[in-house]
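Given as structure tokens, the chain that follows is alone and in the form predicted alone.
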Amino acid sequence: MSLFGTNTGFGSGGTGVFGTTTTDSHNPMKDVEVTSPPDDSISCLAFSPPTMPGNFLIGGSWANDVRCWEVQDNGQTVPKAQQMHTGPVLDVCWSDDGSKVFTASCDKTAKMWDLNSNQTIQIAQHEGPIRTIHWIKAPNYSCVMTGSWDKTLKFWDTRSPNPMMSLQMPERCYCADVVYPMAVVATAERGLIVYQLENQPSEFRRIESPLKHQHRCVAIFKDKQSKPTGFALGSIEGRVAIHYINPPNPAKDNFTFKCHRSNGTNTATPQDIYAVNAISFHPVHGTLATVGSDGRFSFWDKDARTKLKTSEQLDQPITACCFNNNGNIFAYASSYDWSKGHEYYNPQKKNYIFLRNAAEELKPRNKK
């Protein structure tokens, strides 16, 4: 079987009475299913860094667990290990050498998971749930950055129980991203702060939000020289803003676009509008993926300002996504995100992580 190529037969849908193929609504794109997914909604996904041979996927969930799978070259997934928190896991990240995984939880702690020894130790403590966690590798220091609902951003050297630094934010941290030497944090009340990380972390600029609704996800993008130059910000109102830090022409270069909405713009029927749950940039092409509560993923070329592809609709929301380090694999998680309240929660419904071959579909428009 080629890497994430043809479906292996099971779950690919039979043939209907009139010769049309019936589709499987939980996996309409016929992507590879990861074995032994978590037992509750999946909050975050992260692939191992390029320094590691092979591909390992980490997923955190509302079942308080963090799982690690090996993704083999034939597309098969092998569960390797798992660790627990005492509250839902909201974010995960890898150290740059791939030896450790960092996990952030509603239990107000962050842990460091040493994959070689399969041991975890607590490395961070906040006064509220920890929403984001990122590894920072600078020439003169390395640390873990945690963003919390206690309105602080803290930096930990993993060896001391006290943070190296604690920065006050105007509001609760909702999402963040780091590409050295830049970090961006989006908070409640539509707050948006850019930090510079050289020498030591410090606030660089507060930005008026280009979006009118609650921030949900943010991802930094790079320029042709691989330097972080801006970010994509997603909101609960089916919209993404592309924002450059120092654009030549701000009014022209910065823009927003609608996504994860139904019924098009036909005014006769009201449009259903869904949250953008995650944004991920392709590590090679610089194109991006968005996933939403509408149960679809879409691929975009921000430079050509065009949509490259939208998936068929899954039967539940897509809550997280990520690319592997060479951009060949797109992982996305399908689980309920409580966007329609408890009456739409079905405990019998399983959660899934799917893997898709992303080598071709994310190539920019102009390079055909």
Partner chain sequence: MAECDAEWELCKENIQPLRQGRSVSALHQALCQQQEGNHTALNQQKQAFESELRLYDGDDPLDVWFRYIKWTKQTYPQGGKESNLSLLLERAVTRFTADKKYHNDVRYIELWIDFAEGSPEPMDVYRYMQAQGIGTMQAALYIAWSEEYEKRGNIKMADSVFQDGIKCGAEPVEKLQVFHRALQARACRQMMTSMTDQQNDDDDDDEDEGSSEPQRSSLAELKAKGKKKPVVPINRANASIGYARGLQFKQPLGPKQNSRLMIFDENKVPESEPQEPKFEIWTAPPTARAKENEQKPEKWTNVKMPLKSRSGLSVAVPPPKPSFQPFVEEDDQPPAVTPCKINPAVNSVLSARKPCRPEQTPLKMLQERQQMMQLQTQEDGKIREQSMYCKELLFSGATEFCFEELRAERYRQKWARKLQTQSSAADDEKPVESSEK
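Just so we're clear, the structure is a prediction, and the values are computed from it rather than from any experiment. Positions refer to the first chain, counted from 1.
The form predicted together with the partner chain exists for this protein as well; it is not shown, and the discussion that follows is about that form.
Partner contacts here mean any heavy atom within 4.5 Å of the partner chain in the model of the complex, and among 66-74, 325-333, 295-303, 40-48 they occur only in 40-48.
Heavy atoms of R131 reach within 4.5 Å of the partner chain in the model of the complex, making it an interface residue.
For the chain shown alone, H285 is not a contact residue for the partner chain in the model of the complex, no non-hydrogen atom being within 4.5 angstroms. When contacts are judged by a 4.5 Å heavy atom cut-off, K100 does not count as touching the partner chain in the model of the complex. The closest non-hydrogen atom of T86 lies within 4.5 Å of the partner chain in the model of the complex. Just one of S166, T120, T158, Q214 comes within 4.5 Å of the partner chain in the model of the complex, counting any heavy atom, and that one is Q214. Out of the listed residues W135, Y174, F221, Y180, Y174 is the one that sits within 4.5 Å of the partner chain in the model of the complex by at least one heavy atom. In the model of the complex, the partner chain lies beyond 4.5 angstroms of every heavy atom of every residue of 91-105.
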